[in-house]
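The chain below stands alone and is given in structure tokens; this is the form predicted alone.
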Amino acid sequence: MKTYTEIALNTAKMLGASYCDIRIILTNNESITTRNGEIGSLDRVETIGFGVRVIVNGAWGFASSSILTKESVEDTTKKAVEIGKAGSTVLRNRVTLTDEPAYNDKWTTPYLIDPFKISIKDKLGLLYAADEILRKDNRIKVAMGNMDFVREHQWFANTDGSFIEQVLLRSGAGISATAVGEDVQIRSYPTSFGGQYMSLGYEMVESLRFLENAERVRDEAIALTTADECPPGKRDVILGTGQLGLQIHESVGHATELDRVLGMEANYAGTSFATTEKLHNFQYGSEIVNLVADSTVPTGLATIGYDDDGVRAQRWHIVKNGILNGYHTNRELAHVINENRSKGCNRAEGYYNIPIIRITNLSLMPGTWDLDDLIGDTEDGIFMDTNRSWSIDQKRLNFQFGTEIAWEIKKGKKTRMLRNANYQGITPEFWNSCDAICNENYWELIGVPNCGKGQPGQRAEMSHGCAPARFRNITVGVGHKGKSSGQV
């Protein structure tokens, strides 16, 4: 592969590019779904290709190809240079990259069991066994299961002198049951975005213990069809990890992507209220709110060795003791906030897209509370978990989220189950209302495998770590009865 990368870099320099990088990516995907005891889909796909990115006269140029030959690499690089030259004729601001050391390295996702070596028969057998438990009651009209596995073998090189090889492995799986009675209700396990996703092997699937959890999922779906509606009003809200992860994603993650903050990205859900003059002086949340970006945390979906700028993975505060403390950045934009190095957040979907700033693993740091004590300390509240619907405005300020399941809390006791619960708020007011966070024993990473951004749209993966947390005096009520469509 190094021969191909050298052709691209040498061709670009010969044609006048001041910078060039090339990413060669071999991808293996396997996706399995079941529905009511039958195969819903079964796909295995392998793709290979490369993308070349150049800077010419201060402008980006990019081209890609699925034909990996010396001639194709040379021709594609020439095309990227031509695009860069054309772009430079209408350039407003010249591209400036922050410095980054050159690396010669190889990085691989740690795992125990290669999911691509587990037979389709065994995988289907587990999904069918869970399906059988889910459909033991005829009020369950739809039982679904899925498994997804991705291996990306990447080779990256640039004119700064880096040559980096990475093998990234991600696994995901989940089950769900839809019950029909007085209402139609769904329960998902372990989360509602197709299940749990992690940078692990097949051991992640085994750890979910579908057969031990399927009965509870079924019974909760059925119970929800006759549960009381969530009463509207102002209540204290405790969010479980299955919902809090998405709250972090939408109201902090996207709000702190620097290209969105600067107004350069608005195609998916607008720009951001968290503008640069607020850095280091804006009260984003209460003093106990610490949100840390970390592309090194074990099992995170965005855990990598290097991003698509060739920047080494890092860890930093986005919100520190409640104050806005940082952004997700790349080599092109870090200098705008007077930083001399990128945070390593530039990633692309596949070889055929140009890298853009993406949320990395972003987590709410744990507090000190035991969950039972937190519930016991709540006089009048609602515990909500597992996302069902989401909506947030074009500045990442006003939001409304619905959950699959909720329970009322009265005088420190978790009481009746509630259906169609939702809550709404304004981002800084909401995070400033956070007065309690559970401890590290309840902290877990929630994988988001389908984050959408850009035009043409790109998908990316990341994880959000959190433990249940309490938010005071939140507006709650009856939510949407259907799940939101589109990407996160």
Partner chain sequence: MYNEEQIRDIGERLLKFSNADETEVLIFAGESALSRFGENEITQNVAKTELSLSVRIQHNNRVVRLSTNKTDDDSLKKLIENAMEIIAFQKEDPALIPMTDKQEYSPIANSYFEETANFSPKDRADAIKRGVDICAAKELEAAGIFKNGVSTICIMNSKGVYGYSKVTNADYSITAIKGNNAGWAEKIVKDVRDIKSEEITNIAVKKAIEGQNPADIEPGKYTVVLEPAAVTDFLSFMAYLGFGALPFLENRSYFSGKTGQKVFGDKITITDDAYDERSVGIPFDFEGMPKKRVVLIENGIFKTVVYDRKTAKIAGVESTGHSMPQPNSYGPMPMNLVLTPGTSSIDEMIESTEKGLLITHFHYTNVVNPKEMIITGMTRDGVFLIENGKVTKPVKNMRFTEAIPNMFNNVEMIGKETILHSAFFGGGFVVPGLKINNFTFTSKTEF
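Remember, it's a predicted structure, so these values are computed and weren't measured experimentally. Positions refer to the first chain, counted from 1.
The same protein also has a form predicted together with the partner chain, omitted here; what follows describes it.
For the options N321, N104, N267, T368, the one in contact with the partner chain in the predicted complex, meaning a heavy atom within 4.5 Å, is N267. Residue in contact with the partner chain in the predicted complex (any heavy atom within 4.5 Å), chosen from P298, G233, G263, G161: G263. In the predicted complex, the partner chain stays beyond 4.5 Å of every heavy atom belonging to S207. Taking the partner from the other structure, the partner chain in the predicted complex has no heavy atom within 4.5 Å of any heavy atom of A460. Proximity of K141 to the partner chain in the predicted complex: non-hydrogen atoms within 4.5 Å are present.
Remark: A63 counts among the residues lining the partner chain in the predicted complex, judged by a heavy atom distance of 4.5 Å or less. For the partner chain in the predicted complex, the listed stretch (109-117, 89-97, 217-225, 194-202) containing residues with heavy atoms inside 4.5 Å is 89-97.
Contacts between stretch 203-220 and the partner chain, counted in the predicted complex as any heavy atom lying within 4.5 Å, involve no residue at all. In the predicted complex, the Cα positions of N267 and L445 lie at least 3 Å farther from each other than in the form displayed.
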